[in-house]
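Quick heads-up: it's one chain on its own, the form predicted on its own, in structure tokens.
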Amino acid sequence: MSKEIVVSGIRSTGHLHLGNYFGAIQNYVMMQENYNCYFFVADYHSLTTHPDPKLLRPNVFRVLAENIASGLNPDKVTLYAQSDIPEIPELYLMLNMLAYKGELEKVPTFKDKVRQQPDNVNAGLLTYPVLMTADILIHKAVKVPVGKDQEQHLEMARNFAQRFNTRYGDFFPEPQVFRFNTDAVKIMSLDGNGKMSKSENANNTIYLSDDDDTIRKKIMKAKTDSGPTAPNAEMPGYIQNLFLLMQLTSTHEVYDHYRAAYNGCNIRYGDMKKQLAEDMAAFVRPIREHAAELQKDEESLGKILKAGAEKARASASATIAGARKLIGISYY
């Protein structure tokens, strides 16, 4: 019995952080045993923000190394760079004919990018959901591990697949959100303003490349307050986030101790943050060290990308051949 196909990718900009790990990579690692997984570094997507060409190559290798250091096995999953699969932009072009300006302009992430970079509102930003759809449909994926902020993009991917199937014939499956847990893990910034980011708010984001002292300093500066004024009081979001980080990286006993202290109105945030900082440093350290070792051998990382591209192109070529035939642009 063939395994179900899973596809997901991470942009080759900025540094991977705890939000990436717990929101995506952790799920990737669990999937690799039971699914046919295609995981890629989204270097085409990164071009919407015009990265320095000198940084693109090391960024791709770093993202690849951090994924492997986090537990992905190149022998069990297909790891590749998006730009190594020419069939992806071809399918992207086909799907753009089924996407409409009005719906793309309403996408919240597009509106956010327009606010963030008003002088660089390029067509790639507008059609990001279409390229994301091509990334998914090129392998006919049925499951896509995405965070809450990407769920609308996946809904649009289903719409584009439906439109293709309606116009040209049943061909693409409708991809579904896939998580091992019913709730998506969303790691907030340490100052309580939005989520952790690969490229923004660096002082309030824990990166997988951060050293121990940097992690300690960031955690100790995390936003807190004067503490609860009544037993079992509701936590503000920035306090909930600290407890979530502790739940993810500390022992059950440590988490339960500080949760009981909060509920009993005798929480000492300084002590809690010191404990969390040490547990967080211990959690990130092996990933950071393994990724650093991998990045020293670009030749080996290049071989992993080449092998992944060969497997990914075999799947993508079959999809494009079928799509061309249905559309009617197959002439010989």
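Fair warning: this is a prediction, and the values are worked out from it, not measured in the lab. Start at 1 and count along the sequence shown; that's the residue number.
There is another form of the same protein, the form predicted in complex with ligand TRP; it is not shown, and what comes next is about it.
(request) Answer with yes or no whether Ile219 is in contact with ligand TRP in the predicted bound form, where contact means some heavy atom within 4.5 Å. (result) Output for Ile219 is no: heavy atoms all beyond 4.5 Å of ligand TRP.
(message) At 4.5 Å between heavy atoms, is Val284 in contact with ligand TRP in the predicted bound form?
(response) No, Val284 sits far enough from ligand TRP in the predicted bound form that none of its heavy atoms falls within 4.5 Å.
(request) Mark Lys273 yes when one of its heavy atoms lies within 4.5 Å of a heavy atom of ligand TRP in the predicted bound form, and no otherwise. (result) No, Lys273 sits far enough from ligand TRP in the predicted bound form that none of its heavy atoms falls within 4.5 Å.
(message) How about Gly9 - does it come within 4.5 Å of ligand TRP in the predicted bound form, if we only consider non-hydrogen atoms?
(response) Flag for Gly9 set to yes.
(request) Specify the contacting stretch among 298 to 306, 264 to 272, 54 to 62, 38 to 46, defined as having any heavy atom within 4.5 Å of ligand TRP in the predicted bound form. (result) Contact criterion met by 38 to 46 only.
(request) Can you work out whether ligand TRP is within 4.5 angstroms of a heavy atom in all three of Ile239, Met246 and Tyr255 in the predicted bound form? (result) Contact check failed for every one of Ile239, Met246 and Tyr255.
(message) Between Ser250, Thr127, Gln150, Thr78, only one gets a heavy atom within 4.5 angstroms of ligand TRP in the predicted bound form; which residue is that?
(response) Looking at the other structure, the residue within range turns out to be Gln150.
(request) Counting non-hydrogen atoms within 4.5 angstroms of ligand TRP in the predicted bound form, say which of Leu208, Met132, Leu190, Ile215 makes the cut. (result) Selected residue: Met132.
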